[in-house]
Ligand code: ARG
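Here's a solo chain for you in C-alpha cells, the form predicted on its own.
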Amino acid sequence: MFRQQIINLLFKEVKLKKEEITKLIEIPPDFEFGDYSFPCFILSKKQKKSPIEIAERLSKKIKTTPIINKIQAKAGYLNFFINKNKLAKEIIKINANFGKINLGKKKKILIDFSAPNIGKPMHIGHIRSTIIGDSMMRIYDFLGYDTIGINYLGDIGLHIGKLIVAYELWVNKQALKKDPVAELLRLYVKFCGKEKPNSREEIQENEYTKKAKQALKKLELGDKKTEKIFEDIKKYSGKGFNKVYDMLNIDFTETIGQSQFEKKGKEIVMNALEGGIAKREKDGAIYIELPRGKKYILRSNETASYITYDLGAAFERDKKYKFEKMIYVTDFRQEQHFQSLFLILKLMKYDFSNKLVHLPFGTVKFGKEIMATRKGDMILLEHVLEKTIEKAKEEIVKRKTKGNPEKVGVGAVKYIILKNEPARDVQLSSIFLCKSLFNN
C-alpha cells in the first residue's frame, strides 16, 4: 500500500514507467534515510542534471500525504518517510493480531504484581507494579506464552491485628457497605491514633498494641469470632481493590494471600536446617549465611518472616505451574530481599531458582505529598483515576473533540507510567497526565 502510493507520486513527476519505478525503489540500510528510497541517478543522463539536484527538485515538488509525511533529498536519493501512527492504525484495522507469534508455545510465565495489603487502600505507590505487571502479561500473552498473573495479597503482619481490634470496637457497618475503602482506612487511622508515638515518631507498645497482638494470636488459633471479622475485612477490602482493577481493566489468574504459604515455608526452613544449609541461633532463630551476612528465615519465637512465606510461595508455584520464568514486579526497596530469596533457593538446590527474576522500579511522586497510612495521609489510586477522568472530560469538551473520558483518563495514567524506564522515578499529576496523552 505504501510502496504503491510512492510509485504513484513519482510517476507524476518522472518520465518513467511504473514498472521501472517499482524496480528502482529501495529499502534504505538505515532508518535515518527513511523507509523507502528512490535513486535519481538514472534520471541524471536524461535531464542532464546531477542526481543531487534532481533529488532536491523532486523533494520540493512532490507533496506529502497523510501516509507519506516526510520527503527528503540526500546524496542523490529521494527518501520517503512513512507516517508510523497511520501505519499502525492501518495494520490494526486489517488485523488486530498482526505480529502475534507463538514464541512461548506450551511455556508458562508467572508474573507476581500489584500485591496490596488487606485492609489498606490501594494508593499511588501501587500504580507502577500494577500497570507494569499488567503490561507484561499482555506482551507475553501476545508472544504466545501461557501467562499467569498472581496478586500476592499482604494478609499477614501486625496491621491485620490492628484492623481486627478496630473493627470490633468502632466499625460502622453502614459506612462499610457504602464505602469500604474509606471505612477501613478510618478504622486503621483511629487505631494508630490510640498508639502513642515517642519523639522520634516510633510506636511504643501500649494496651492497644497488645490487643492487636492478641487478636493475631486468636486468629492463628482459629477463634471463630476473630476469623469472621477477618473474613469481613478481606471481603470489603477486596471490593475496594476490584473497583480499581475494573477501572484499569486488569484481571488476575490467581489472587491469594501470603498466609497460605506459611506451612510450606516453615517446612522448607526445617529441611534446610536438617540438611545443614541453615543454622540455629541460641535464641532459636534460624538463618542462612549469605555473602552479605546472616539472613534470618524463621524468627526466634518460630513465627514466619516475609521470606519464609516467599520460600513457600515459590515452591508451591513451581509445583502447581511448572513455570518457564517467574517475574516479581516490585520497587527497588525490595531488591536485596529478592536477591537473598533467589540465592537461598539456589543453595537449597531447587532447580527453579534460576528461573526467578526481580523487575525493580523507581518511586512514584505526586507533587510534594508524603504518604503515611497510619495518619491517613495518602493519595488513593482510585481518587487519582477519578480525577484524571474528570480532567480528560474537561479537555474533551474544551477541545471539542470526541473521546471516552474513562478510556482517555485511564489511558493517560498507563501512558505516563509505561513511557518511563522502570528504573526512573516518576512524577505524576492529573493535569499533566491528560495533557501528555492529548499531545502524543
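We number the residues from 1 along the sequence you see. Fair warning: this is a prediction, and the values are worked out from it, not measured in the lab.
If you look for the form predicted in complex with arginine, you will not find it shown, but the lines that follow are about it.
Interface stretch in the model of the complex with arginine - options 110-118, 275-283, 137-145, 168-176, non-hydrogen atom within 4.5 Å = Of the options, only 110-118 has residues within 4.5 Å of the partner.
request  = Give a yes or no for T330: in the model of the complex, does one of its heavy atoms lie within 4.5 Å of a heavy atom belonging to arginine?
outcome  = Flag for T330 set to yes.
ask   = Should Y306 be counted as a contact of arginine in the model of the complex, where contact means heavy atoms within 4.5 Å?
value = Heavy-atom contact with arginine at 4.5 Å: present for Y306.
key: Partner contact for Y152 in the model of the complex: arginine, 4.5 angstroms, heavy atom   = Contact check for Y152: yes, within 4.5 Å of arginine in the model of the complex.
ask   = At the 4.5 Å heavy atom threshold, is N249 in contact with arginine in the model of the complex?
value = Contact check for N249: no, nothing within 4.5 Å of arginine in the model of the complex.
query = Thinking of F2, D35 and S37 as one candidate spot, does arginine come within 4.5 Å of a heavy atom in every one of them in the model of the complex?
reply = No, none of the three is in contact.
Answer option from F338, Y245, Y236, Y350, heavy atom within 4.5 Å of arginine in the model of the complex = Contact with arginine in the model of the complex is made by F338 alone.
ask   = From the list Q334, N354, S300, N85, which entry has a heavy atom within 4.5 Å of arginine in the model of the complex?
value = Checked against the cut-off, the match is Q334.
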